[in-house]
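Below sits a lone chain in structure tokens, taken as the form predicted alone.
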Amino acid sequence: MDARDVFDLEEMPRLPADPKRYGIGIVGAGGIVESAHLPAYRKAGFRVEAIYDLVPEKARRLADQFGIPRACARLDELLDRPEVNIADIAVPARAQPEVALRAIAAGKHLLCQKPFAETYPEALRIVNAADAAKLRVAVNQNMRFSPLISAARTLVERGWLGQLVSAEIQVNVKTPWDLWGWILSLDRLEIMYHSIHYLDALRMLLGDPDSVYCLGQHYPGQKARGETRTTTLLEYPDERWGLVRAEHNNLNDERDWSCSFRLEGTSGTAKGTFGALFDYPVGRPDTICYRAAPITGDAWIEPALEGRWFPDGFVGTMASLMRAIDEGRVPPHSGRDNLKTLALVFAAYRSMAEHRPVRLAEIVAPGS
């Protein structure tokens, strides 16, 4: 067997038939837009028509740098442009609901930044408004489209690992929170703005858990107000469990850092590393190796994965949204699906505060 065969269809983002069909208007001109969104869209050949930021100079600089036709002085100026079909919202969670609802009122499809909102009811309001307007809304959970997680998803979808029993993501790095000055003053940090990626990836692979148990802590002398060290256990009604452990205060150099992934099934194992946090935002390539007894026997297969989480994961979220619009279906990273990821996040914070497992049913609104 060719070790790459299993990944031929799934490891790289699949582009829509016409990548330039939909015009993109970007709301926000911060670091993630400069380092990930715009390089990804340039690579994919997407058509970015306009950009807006509260600080006009930031929008003008990125417009010049990436050849964007218009740097808008007002949000309405961007939303009123008929050539903008998709609003790519890249602002903090506290500002996103207002921007999203204005974009929906203007008739735009949405790719929203994660976290979707700071509260579950706010996120639900966006989803319901988009549904009522018959518009597509997706959330930029780009780790789903990273090479490592895409490859793991392919193994799961093809049944090669058998019945899944556990999944783990463990991170031990030094994260430069100062890159996002606004984040330092937030009460909720690590789960809300970082491990949300891992929780979303694990629930995509394992399914939705029944409950969450989470411990969150500060590190002595840290600048950030919110937690920077967390351990989160996902509990299921059967033999499955998921674990995310994140430590962002490693004082050693990158030789001591680790970003590992492990997925266990009754017929095989997949394990690997994701490289985005090394030399951020440049990163390193992801890696994966797997043993799938029905296919590989006792041999471990270690294919070389193409692409990187940054920027290819950002190609994936936008490309998947565009294909969903083309095909008249709901994207897999839809706002309604992301309500389940947000439920994990908010359950984790309640668990931290109350020192107990929290069932997702305590968070999820009836009928959502």
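All values reported here derive from a predicted model rather than from experimental measurement. A residue's number is simply how far along the shown sequence it sits, counting from 1.
Keep in mind that the form predicted together with a small molecule is not shown, yet the notes after this line are about it.
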For this session: Mind telling me which stretch in 64-72, 30-38, 319-327, 297-305 gets its heavy atoms within 4.5 Å of the small molecule in the predicted bound form?
Result: 30-38
For this session: Flag residue 180 as yes or no: does it have a non-hydrogen atom within 4.5 angstroms of any non-hydrogen atom of the small molecule in the predicted bound form?
Result: yes
Exercise. Does the small molecule come within 4.5 Å of any heavy atom of residue 58 in the predicted bound form?
Worked result: yes
Problem set entry | Non-hydrogen atom contact residue 95 with the small molecule in the predicted bound form at 4.5 angstroms | yes
Exercise. Taking the shortest heavy atom distance, is residue 213 within 4.5 Å of the small molecule in the predicted bound form?
Worked result: no
Seminar exercise, completed: Heavy atom within 4.5 Å of the small molecule in the predicted bound form, from candidates 109, 197, 240, 203, belongs to 197
Exercise. Which one of 164, 99, 151, 171 is close to the small molecule in the predicted bound form, taking close to mean a heavy atom within 4.5 Å?
Worked result: 99
Problem set entry | Contact check for 52, 115 and 280 against the small molecule in the predicted bound form, heavy atom at 4.5 Å | yes
